[in-house]
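Quick heads-up: it's one chain on its own, the form predicted on its own, in structure tokens.
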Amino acid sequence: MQNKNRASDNRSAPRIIVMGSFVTDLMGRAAHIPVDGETVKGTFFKSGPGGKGGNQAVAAARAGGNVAMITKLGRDAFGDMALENFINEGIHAEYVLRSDEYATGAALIMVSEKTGQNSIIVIPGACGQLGEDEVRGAIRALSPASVLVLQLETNFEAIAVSLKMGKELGMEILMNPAPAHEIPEEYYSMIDYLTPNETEASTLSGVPVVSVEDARRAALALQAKGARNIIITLGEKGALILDSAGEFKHVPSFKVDAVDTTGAGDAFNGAFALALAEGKDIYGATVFANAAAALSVTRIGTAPAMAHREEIDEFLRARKVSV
């Protein structure tokens, strides 16, 4: 049963559909991330909205997009919080569905105060139970759209239907293959933009990615599988683009003082989707997304750390970068 609540429309903005996960983030910070068998006394705890799909939807909406979210929540306090958050962020929530059987998903996040790095366990819960007919109907009802954004944090049946529907309806498909998981070969040709990080690129390509040169080899392997454009995000080393014409371009990162890298990839993908929907080329979209990701890591949290459009524009102006 669909939700009747609806975010306020911004008809002049691009239209982006995000089909993916919502989980509640339960984040603890400590001097370091515990090793096997170790208990560490933490210094800070925070809970809030998360999940790769939800985070990317917030990132795209804050960057200026007209965004619709497709996911599934439990009928519980975490689900109520999620729905309220989507509406408050101006995200269309008609197809944020509710499950009577499964609880809202959760992510257990440990963050090192020394490095800002994190370790995460994700329990998908209700969003891992999206039905094929539910997703098919939602995408058809929400179309036309410029960009369909997907990740690998929900059940693959829902992802496969989304890929097929997106191509059928003429959308550009942005696939963030996170968390790292194999994608059946037949689906690569449906992906217009594939955005793995080093770990995900290594898993999907079979090429261990440590350096930019490794990323070049991995990108070629992924493009050979059928994806049109590959953007491998490399953290402090920036991002490597392999476009549909076979041209490489390395985009440097922006230097900032990172306090929490947890949502950086989601910030990148949400902003990248918005930039594509606005008509930016792959290089301009990557620079814009790098700026959004850089801003996000200077703040604690995931969805709450996403940058607003005026912040991204000012960040780029201050560095005399135009996109």
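We number the residues from 1 along the sequence you see. Keep in mind that this is a model prediction, so the values were computed, not measured.
The next section is about a form of this same protein that is not shown, the form predicted in complex with a small molecule.
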Quick check for you: of 59-67, 288-296, 27-35, 261-269, which stretch puts a non-hydrogen atom within 4.5 Å of the small molecule in the model of the complex? 261-269
Using a 4.5 Å heavy atom cut-off, state whether V18 contacts the small molecule in the model of the complex. no
Could you tell me if V251 has a non-hydrogen atom within 4.5 Å of the small molecule in the model of the complex? no
State yes or no: in the model of the complex, is some non-hydrogen atom of I87 no more than 4.5 angstroms from a non-hydrogen atom of the small molecule? no
Partner proximity in the model of the complex: A107 to the small molecule, non-hydrogen atom cutoff 4.5 Å: yes
In the model of the complex, the residue from A180, M81, I120, V210 with a non-hydrogen atom within 4.5 Å of the small molecule is I120
